[in-house]
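Just the one chain here, laid out as structure tokens, in the form predicted on its own.
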Amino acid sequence: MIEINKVSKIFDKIEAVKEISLSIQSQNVFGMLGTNGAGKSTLLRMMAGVLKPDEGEIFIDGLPVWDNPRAKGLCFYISDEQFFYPNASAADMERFYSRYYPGFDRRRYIELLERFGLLKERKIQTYSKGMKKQLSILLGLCTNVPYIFCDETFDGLDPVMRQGIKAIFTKEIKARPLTLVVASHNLRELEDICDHIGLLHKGGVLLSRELEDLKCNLHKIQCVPAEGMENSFHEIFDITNFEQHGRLVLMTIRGEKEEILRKMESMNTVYYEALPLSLEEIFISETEVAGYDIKTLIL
């Protein structure tokens, strides 16, 4: 478990992170969302022990992270621009990381390099951005640590490779205790992989919720009401979003699905149906309630 207690970080009078408190459960995929400058990368670096918080503390499995080799040995940080030694090859980085991570699986590393078409003796400086991202992910997976922190991991990967990496992460989580913290500015990248979502904005936490909890409490209804019935929906339902296109009405409604459908059944409508909500639609509804327009933040 990761515990972040009132953590702040300031760079040249700019407060990058402001008294953030979060708990990230083990064996979970935590999606950390926010625009550039929201504080995602700074928070991840502090979680990995790369940066020291100006205030507050971060614990991994009860161990303080800063200046603590035991805590750092539990996590692997994949930065947006991963560091590789000049003229190093993939084989060189294997030898480097195996010194610091005793559980590094060399056999699996070689197998994964071959599967992804990455030549182990080729200089990494000749790799494309996407290939470097792939190599960073493979190195992280083969350390066998229980916590992996990913900063814009899918940026620079083509759509096929994104799905391949997500599939490997999913398989890894099923096979062993693994917690992923994935930071991104793109909701759509996280929708099919995360259990929990946190939204950072201007250095603070705007929202942190289990994805299933978000999905259970919001429902999209499409219907064609009888003439003059449109205004009655607002009196009956807790509507977070209402759109009308001709006779067709689209509503996002907060509440229990069974109760919503029961009320729809009793109303005078030509037709109605419940539609699946995307993560984007859920966040738009949740953040608008809090007074923010997420469309200007991360979409």
Partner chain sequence: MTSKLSFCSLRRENLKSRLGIILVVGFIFFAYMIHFLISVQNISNQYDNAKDIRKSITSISEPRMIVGVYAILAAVLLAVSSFRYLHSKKETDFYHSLPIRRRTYLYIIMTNDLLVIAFYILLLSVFQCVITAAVGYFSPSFGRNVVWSFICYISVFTATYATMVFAMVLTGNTFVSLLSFAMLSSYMPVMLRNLYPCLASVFYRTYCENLEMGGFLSYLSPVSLANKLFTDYNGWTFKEHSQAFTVIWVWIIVMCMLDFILFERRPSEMAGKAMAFPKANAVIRILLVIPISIYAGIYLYSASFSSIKTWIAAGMVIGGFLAHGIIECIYRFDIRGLLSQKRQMVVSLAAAFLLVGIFWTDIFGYDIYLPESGETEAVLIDENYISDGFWGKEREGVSGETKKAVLNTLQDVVNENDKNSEDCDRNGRGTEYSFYTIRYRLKNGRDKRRVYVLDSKLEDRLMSEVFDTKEYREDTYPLYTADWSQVTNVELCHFMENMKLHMTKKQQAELFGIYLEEFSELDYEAAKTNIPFGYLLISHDESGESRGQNDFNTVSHYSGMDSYYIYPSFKKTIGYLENLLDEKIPLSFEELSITNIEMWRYGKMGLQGEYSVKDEETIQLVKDKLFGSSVWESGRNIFYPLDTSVDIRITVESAEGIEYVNVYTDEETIEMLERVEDGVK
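Numbering follows the first chain given and starts at 1. The model shown is predicted, which means the values in this text are computed figures rather than measured ones.
Same protein, other form: the form predicted in complex with the partner chain, not shown, and the subject of what follows.
K.L.:
Among the candidate residues D238, E265, D67, E258, which is the single one with a non-hydrogen atom no more than 4.5 Å from the partner chain in the predicted bound form?
P.N.:
After the contact test, the surviving option is D67.
K.L.:
Just one of 109-117, 83-91, 205-213, 223-231 has residues with a heavy atom within 4.5 Å of the partner chain in the predicted bound form, so point it out.
P.N.:
Stretch with heavy atoms near the partner: 83-91.
K.L.:
So, G49 and the partner chain: in the predicted bound form, are they within 4.5 Å at any heavy atom pair?
P.N.:
Close contact exists here: in the predicted bound form, G49 approaches the partner chain to within 4.5 Å, heavy atoms only.
K.L.:
Could you confirm whether H185 comes within 4.5 Å of the partner chain in the predicted bound form, counting heavy atoms only?
P.N.:
Answer no; every heavy atom of H185 is more than 4.5 Å from the partner chain in the predicted bound form.
K.L.:
So in the predicted bound form, is the partner chain close enough to N144 to count as touching (4.5 Å, heavy atoms)?
P.N.:
No, no contact at 4.5 Å.
K.L.:
Is there a heavy atom of K72 no more than 4.5 Å from a heavy atom of the partner chain in the predicted bound form?
P.N.:
Yes, K72 sits close enough to the partner chain in the predicted bound form that at least one of its heavy atoms falls within 4.5 Å.
K.L.:
Does anything in 74-111 come within 4.5 Å of the partner chain in the predicted bound form by heavy atoms, and if so which residues, in order?
P.N.:
Those in contact are Y77, S79, D80, E81, Q82, F83, Y85, M93, R95, F96, Y97, R99, Y100, Y101, P102.
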